[in-house]
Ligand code: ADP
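Coming up is one lone chain in C-alpha cells, specifically the form predicted alone.
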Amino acid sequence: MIVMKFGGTSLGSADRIRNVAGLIEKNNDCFVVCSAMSGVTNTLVDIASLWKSSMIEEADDLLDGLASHFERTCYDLFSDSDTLIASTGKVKENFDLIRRRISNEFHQNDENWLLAQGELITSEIIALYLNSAGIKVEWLNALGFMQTGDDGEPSVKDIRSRLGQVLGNDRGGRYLTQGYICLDHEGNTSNLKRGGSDYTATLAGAALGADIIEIWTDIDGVRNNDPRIVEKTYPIRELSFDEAAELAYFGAKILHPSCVWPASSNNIPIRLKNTLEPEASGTVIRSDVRRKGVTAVAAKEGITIIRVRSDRMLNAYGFLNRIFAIFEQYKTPIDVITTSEVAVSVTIDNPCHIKELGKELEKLGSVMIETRQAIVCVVGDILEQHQDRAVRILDSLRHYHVKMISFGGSRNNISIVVPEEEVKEILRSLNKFLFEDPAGKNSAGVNIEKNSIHG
C-alpha cells in the first residue's frame, strides 16, 4: 500500500486534476489524501469571519463566487453529461447546506465545520472524476477515522483501529479521502491546522503500515535554502528523519512540522514529489541516511524572545521548572532556550498569551521581551564531529545582530536568533559560505559536493 497526498496547488484546476488522476492510476493499491483546491480554504476563512461579524450578505457573495469556481471546474473536467450533472448537483447540494448553516447565528464550532467543506467538496469531485475515467476508487470521509484525543493530538493506534472498522480486512484497491480535517475528542468537526494534510497522510501511512508515503506538491523536493530569497539553491535528494524534522519546524515550507514523527516512528519513508515534474527525483526522507557536512539552511520568522533575569536563580533548585510551568499553563511551546547562572532566554512563535506570560514571569524576576525576531537554522551532521566548523559558521555572521545561539541541543542543528530584517541577507550570506564554492569546499572546510547528498 502506498499513501499519496496531493496539495491544493496540485488540484487547482481541471488540467491539474487530470494530471493527478494519471499518477493515481499507476497504483492499484493506494490511499489518496486530498487537500482543498488552492485558494478555497482562504475564501472559507473570509466567509467565516463575515459570518462571525453577522455580515451575511457579504458572506453569501463570497459563497456564490466559490460555488461558481467549483462548478466551472466541473464543466472543464467532465465531458460526459451524466457525470457533469452528478458533479454539479453534488456541488449545489453542498453549497445549499452551507447557505442554510450560515443563515443561523454563528457558534463556536461553526468555523471548523465550514473550513472542512473545502476538502470534502474537492475530494468528492475528484472521486467522481476518477471513477468516470475508469480509475476505480472508494471515497472515504476522514471524519470517520481521523480524531484527536483530549490532548488535541491524534493517536496512530486509534486511527488504525477506526480505519480497520472502515476498510475491513481487505486493504487492497484505491481509497480517496481528505487531509486536514478531523474530529476533536468531543466529536466536533476540527482540523490539524494549516498544512495538516501532510500530517493526515503520515498518520494514515503509519496506521496502514504503508510501504511509502508520497507527498505531491508543486516543488521538486526540499531545497538547501529558501529559493524565494536565495539564488542557486538545489533540491536535497535524501534527508534523515531528524534532519527533515528540524527543517520542517524551523521554516522549510514544503513540510508540515508535525508530519515527520508518524513516519519516523514506524520507519516508513516519505517521498516528496512535484506533480508538474513527476519524473524529477524529489526528496526521500528515511532513517538510513549518512553524510558529512551541512545539509540545508532554513529560517522561521515571527519569533518573540522572552528574557528572565533573577539573582534567585543562582544555585536555586527548581527555578527552571517554575519558568517552564508558566509556559505550560498557557500552552505556549518554546523553540530555543539559552541559560546562564542568573538568566534564561527563550523564544516562542505564538505570542497570543504574551501579556499573561510576562505578568507571571515578572513574579520570578525582571522580564524583557523582544518581538519581530527570527530563527535561522543550519542543519547537518557537522555539529557533533566538527565543532570547529560550527564556530566558523558563527564567525561568518559576525556582522549581524545575533541575539541567541543554541548549539549542542541537537546533533543536527545550530539555531541562531536574529532580527527579522536581517534574515534575507543572512540566508544569502550562509548560502555563499556553505554551498557556493565551485571547488567543493568552502572556507569552513565543509564538504558541499552535491554527490555527498546524492544529488
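Predicted model only: the values in this text are computed from it and were never measured. We number the residues from 1 along the sequence you see.
Omitted here: the form predicted together with ligand ADP. The next part is about that form.
Partner contact region in the predicted bound form: 211 to 219, out of 365 to 373, 211 to 219, 140 to 148, 98 to 106, criterion any non-hydrogen atom within 4.5 Å of ligand ADP. Proximity to ligand ADP in the predicted bound form, defined as a heavy atom within 4.5 Å, singles out one entry of Lys355, Arg228, Lys331, Lys157, which is Arg228. Taking a 4.5 Å heavy atom cutoff to ligand ADP in the predicted bound form, the contact residue among Arg286, Lys253, Arg307, Lys90 is Lys253.
With respect to ligand ADP in the predicted bound form, the three residues Arg174, Arg271 and Asn274 uniformly fall beyond 4.5 angstroms at the level of their nearest heavy atom. Using a 4.5 angstroms limit between non-hydrogen atoms, Thr9 touches ligand ADP in the predicted bound form. In the predicted bound form, ligand ADP sits within 4.5 Å of a heavy atom of Arg223.
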